[in-house]
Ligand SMILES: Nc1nc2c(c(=O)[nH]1)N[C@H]1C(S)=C(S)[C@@H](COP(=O)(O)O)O[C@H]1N2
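A lone chain, given as structure tokens: the form predicted alone.
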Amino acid sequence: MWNKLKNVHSSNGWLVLLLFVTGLILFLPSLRGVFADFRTSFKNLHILFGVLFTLLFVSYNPLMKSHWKIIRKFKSKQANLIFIFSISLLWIVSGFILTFERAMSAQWTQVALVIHDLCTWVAVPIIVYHIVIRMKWLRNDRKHQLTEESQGGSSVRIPLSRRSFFKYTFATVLVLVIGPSFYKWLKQLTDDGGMAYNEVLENTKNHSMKPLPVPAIESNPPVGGGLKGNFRVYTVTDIPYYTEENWYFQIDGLVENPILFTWQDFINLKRTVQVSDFHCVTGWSVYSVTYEGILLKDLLKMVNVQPHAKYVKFYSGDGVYTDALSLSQATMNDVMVALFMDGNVIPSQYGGPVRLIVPKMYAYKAVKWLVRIEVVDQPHLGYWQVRGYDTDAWVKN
């Protein structure tokens, strides 16, 4: 019985470590570009480790009653068991929802993502600490010290044992390394979106572009009442910054009248205001964002698309990212080349000064730092499609 529990405990530790490593690669924006070619593989590995973790959790349940009897005299161990059991259950349920998020509502996936993140931030440092301080060489060190004391050994006792030193050092490292990231995540979570958005606006460089366009009355104050939620900034390159001198926007390809806009030309175009929700394929959403810009179908009318054209390809100013829509998708009534977000020129961190907005699809289709639209007759696989993502990224209601 005890050997079974030890095996479950050991396997659980290794699976948590593997889940943490693969989850960290998927979570950290700084690693998205580095591991872009393997992102789908890491996601599948993370899900596989989650399935194994679930099976281990299920296999432990018949042993739980006996385990509880063994530790019935140790309140701290009972509390630890309840904590680990609860965290594991929340991890499994939230992970299940995120794995099948396309069959779930956006609200469910948003809540599941928060719970999954919270469990990770709270549990992983504790579990790793728990595993490390019980390493065999630390336990042997402690046993050796106790044996010497019981035999009346004359060795000088070090005020801080190796085991204690390691514990305190490890705890300090956890606080210094994980603490700031946890604080940033918690601050983002508890913010209603307004303060976080304002902070981003203060640090953006796009607002130095001259002249700054004047938002429509519906944009400022935003007719949507202000965005609800928090954006997470994902990039595959460094964020490009523009001035009115180096920014351009062109539409070419299978069109009768290709156009190259300057900043002044572009901000003089007639704009439309709409309120849209923004959904990321990783599970989070921002609701009721007031966008102002030019509908893509109106831009395509300006260039007179040739009859045999079938697709519209989009180029990011980062020089790497591309994506595409079919011509019928591109002419949907809410697909927009946006210039304003809640009454402000879109911050560079969020893809400004100009980005594509495709509300009915996940945001990896909404190309940031949009500088070129090419009309083509062949399908195009975008940056994430060649790495395993769906070509059609419809958001499930």
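The structure displayed is predicted, hence computed values, not measured ones. One rule holds for the numbers: they count along the sequence shown, beginning at 1.
Beyond what is shown, the protein has a form predicted in complex with the ligand; the following relates to that form.
Applying a 4.5 Å heavy atom distance criterion, does Ala112 contact the ligand in the model of the complex? Flag for Ala112 set to no.
Quick one: is Thr290 in contact with the ligand in the model of the complex, heavy atoms, 4.5 Å cut-off? Thr290 lies outside the contact set for the ligand.
Would Gln349 count as touching the ligand in the model of the complex under a 4.5 Å heavy atom rule? Because a heavy atom of Gln349 falls inside 4.5 Å of the ligand in the model of the complex, the answer is yes.
Although the partner isn't part of this model, could you tell me whether Phe340 comes within 4.5 Å of the ligand in the model of the complex, counting any heavy atom of the residue? Taking the distances in the model of the complex, the answer for Phe340 is no, it never comes within 4.5 Å of the ligand.
Which of these stretches, 202 to 210, 220 to 228, 280 to 288, 264 to 272, has heavy atoms within 4.5 Å of the ligand in the model of the complex? After filtering at 4.5 Å, what remains is 280 to 288.
Only one of Leu300, Leu254, Leu90, Val236 has a non-hydrogen atom within 4.5 angstroms of the ligand in the model of the complex; which is it? After the contact test, the surviving option is Val236.
Within 4.5 Å of the ligand in the model of the complex, counting any non-hydrogen atom, which residues from 369 to 388 show up? Result: Trp369, Trp384.
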